[in-house]
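To begin, one chain is listed below as structure tokens, in the form predicted on its own.
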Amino acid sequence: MIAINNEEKAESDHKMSASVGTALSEAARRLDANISEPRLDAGVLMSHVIGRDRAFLVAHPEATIAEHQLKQFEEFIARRVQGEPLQYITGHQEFFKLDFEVTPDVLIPRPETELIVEAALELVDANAEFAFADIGTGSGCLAVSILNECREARAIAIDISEQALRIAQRNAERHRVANRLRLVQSDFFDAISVNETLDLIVSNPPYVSDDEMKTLQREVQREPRAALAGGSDGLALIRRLLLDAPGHLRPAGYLVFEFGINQDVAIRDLVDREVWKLIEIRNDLQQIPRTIVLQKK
């Protein structure tokens, strides 16, 4: 076996590794044409690969990346260039102070959906026993977040997707609430007995109209269609939720759900005032109406 002299070894080591700064600059250049914040995305992926936070990347651009890490980073950048969502590449998304596993089988949790959790926590006594359901649970972010805040609560997480329920189960186990969460594969309430009354129902239902589905950003188009598509006007599943939820709520129980941009007027018209009391419609951080709070009469 021929030994590598010092110059040959130095050249070999250079090929096998790169600095954080150099790798980030090259990645940002590759992402620049298709990604709105290329440097940010590159930094997130680098942090994920090397297991260091963003502050480390800024403070130590000269730090060396091992060959296997550089290879994985470059693979991740190639996937991002093709439009794969950042969260599906890393497999994680933060939601309401917790870290959730996400895969292409579930919708990526978004900041505006935290409004549902905030509203729910204002409606219930966090120290008391109560029962609630999360319709279309996906990653389980709503159910798990509420259970994490309300230690005596119990929940049913419902989804039509078996794959989504597996992710929700893992997230429940990760955050130690699985013993208070029942996962049910069902189309809305079909598998839930009418004898099982709830204090609260939460949901982030599909609400994207058929026309809007055609114009979604390419990253959003990678998310599960069943978690997005709400029919011709985007309200098909919301109509069903408003119709079916009362049969599973106790008197004075609450329904809290998210809806799409510019749907608030139509949803007000859909609410049967003989059945529901409209408590409020909440705006997101951009002051766009996004969440409705209803109480069963």
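Everything numeric here is computed off the predicted structure, so don't read it as measured data. Quick note: we count residues from 1 along the sequence shown, nothing fancier.
The same protein also exists as the form predicted in complex with glutamine (GLN); that form is not shown, yet it is the one meant from here on.
Colleague: In the model of the complex, does each residue in the set Leu107, Glu112 and Asn204 place a non-hydrogen atom within 4.5 angstroms of glutamine (GLN)?
Modeller: Every residue of the spot touches glutamine (GLN) in the model of the complex.
Colleague: I'd like to know whether Leu198 contacts glutamine (GLN) in the model of the complex, with contact meaning heavy atoms within 4.5 angstroms.
Modeller: Flag for Leu198 set to no.
Colleague: Evaluate Ile160 for contact with glutamine (GLN) in the model of the complex, applying a 4.5 angstroms cut-off between non-hydrogen atoms, and reply yes or no.
Modeller: No, Ile160 stays farther than 4.5 Å from glutamine (GLN) in the model of the complex.
Colleague: Is Ala227 close enough to glutamine (GLN) in the model of the complex to count, meaning some heavy atom within 4.5 Å?
Modeller: Taking the distances in the model of the complex, the answer for Ala227 is yes, it comes within 4.5 Å of glutamine (GLN).
Colleague: Mark Val208 yes when one of its heavy atoms lies within 4.5 Å of a heavy atom of glutamine (GLN) in the model of the complex, and no otherwise.
Modeller: Answer yes; at least one heavy atom of Val208 falls within 4.5 Å of glutamine (GLN) in the model of the complex.
Colleague: Just to confirm, with a 4.5 Å cut-off on non-hydrogen atoms, which of Val220, Val184, Leu98, Leu121 contacts glutamine (GLN) in the model of the complex?
Modeller: Contact residue from the list: Val220.
Colleague: Based on heavy atom distances of 4.5 Å or less, which listed stretch (227-235, 46-54, 244-252, 266-274) is in contact with glutamine (GLN) in the model of the complex?
Modeller: So the stretch in question is 227-235.
Colleague: For the stretch 244-265, which residues lie within 4.5 Å of glutamine (GLN) in the model of the complex by non-hydrogen atom distance?
Modeller: Read in sequence order, the lone residue that approaches glutamine (GLN) (within 4.5 Å, in the model of the complex) is Glu258.
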